[in-house]
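Next up: just one chain, as structure tokens, the form predicted on its own.
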Amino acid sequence: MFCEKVIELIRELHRMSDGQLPAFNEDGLRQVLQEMEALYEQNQTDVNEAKSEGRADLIPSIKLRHCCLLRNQRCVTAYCYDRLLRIRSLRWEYGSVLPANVRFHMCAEEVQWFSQYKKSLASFMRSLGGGEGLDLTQDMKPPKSLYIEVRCLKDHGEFEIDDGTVILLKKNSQHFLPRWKCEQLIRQGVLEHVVS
């Protein structure tokens, strides 16, 4: 039946919760494009036959295949666009370095798009704040206090805060740090916020 493969691509995205990125289904996309090519070629054959022999009985099947082509095109576009929206939100959630398990689910073009988006966002953030730049990825939620207590989940090494103090982040150590300095490390899974 027409358009079944492309509907399965959309269902695959719909089954994943927000913030998760399913593996890029290159095989499914290839099958949809092959179906579209076959529909287009059959339409071309029938259109030529309808014109040359005046067969009006072919017009309903031509219209049906054309509608299937348009539906496949819309669904493929929606599939790719939804994946790009998810990848864009991952940049805001994880920062400029994506975890390996997320990158594994991306195709080469999506990795390239992510790199370009990352560069554009960095360039925009540098242009803000009167020459010093402004990190828009910090404080995704308004802070209740400027300092928070954090626990280190894995060895990270030395970490310098604005006053020049160097802190050694070792596994299971706890520190009282400025929220804006450690929010990125919390998102990366290096630190966790200790709620008392």
Partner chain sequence: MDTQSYLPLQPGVGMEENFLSLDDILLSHERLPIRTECSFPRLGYLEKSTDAQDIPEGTKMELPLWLSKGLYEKKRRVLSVELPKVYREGWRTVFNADPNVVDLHKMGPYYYGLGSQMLHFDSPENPEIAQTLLQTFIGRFRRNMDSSQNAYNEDTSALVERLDCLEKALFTSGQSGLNGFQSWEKGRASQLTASSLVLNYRKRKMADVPP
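Numbering follows the first chain given and starts at 1. As the structure is a computational prediction, the values presented were derived from the model and not from experiment. The term rigid core refers to the most C-alpha atoms you can superpose between the two forms while keeping them within 1.5 Å.
Here the subject shifts to the form predicted together with its partner chain, a form of this protein not shown in this document.
- Query: Does the trio Ile10, Asp46 and Arg55 actually contact its partner chain in the predicted complex, every residue with a heavy atom within 4.5 Å?
  - Reply: Yes, the whole candidate spot contacts its partner chain.
Checklist entry - Just to confirm, His105 within 4.5 Å of its partner chain in the predicted complex by heavy atoms? => result Residue-level check for His105: yes, a contact with its partner chain.
Fill in: 4.5 Å heavy atom contact, Cys68 and its partner chain in the predicted complex
Heavy-atom contact with its partner chain at 4.5 Å: present for Cys68.
Could you tell me if Leu21 has a non-hydrogen atom within 4.5 Å of its partner chain in the predicted complex? Taking the distances in the predicted complex, the answer for Leu21 is yes, it comes within 4.5 Å of its partner chain.
Classify Leu85 as contacting or not contacting its partner chain in the predicted complex by the rule of any non-hydrogen atom within 4.5 angstroms, answering yes or no.
-> It does: once its partner chain is placed as it appears in the predicted complex, Leu85 has a heavy atom within 4.5 Å of it.
For this session: Quick one: name the residues from 56-83 with any non-hydrogen atom within 4.5 angstroms of its partner chain in the predicted complex.
Result: If the 4.5 Å heavy-atom criterion is applied to its partner chain in the predicted complex, 56-83 yields Asp57, Leu58, Pro60, Ser61, Lys63, Leu64, Arg65, Cys67, Cys68, Arg71, Arg74, Cys75, Thr77, Ala78, Tyr81, Asp82.
| task | Taking the rigid core as the superposition reference, indicate whether the CA of Ile7 shifts 2 angstroms or more between the shown form and the other one. | result | Not so; Ile7 is displaced by less than 2 Å.
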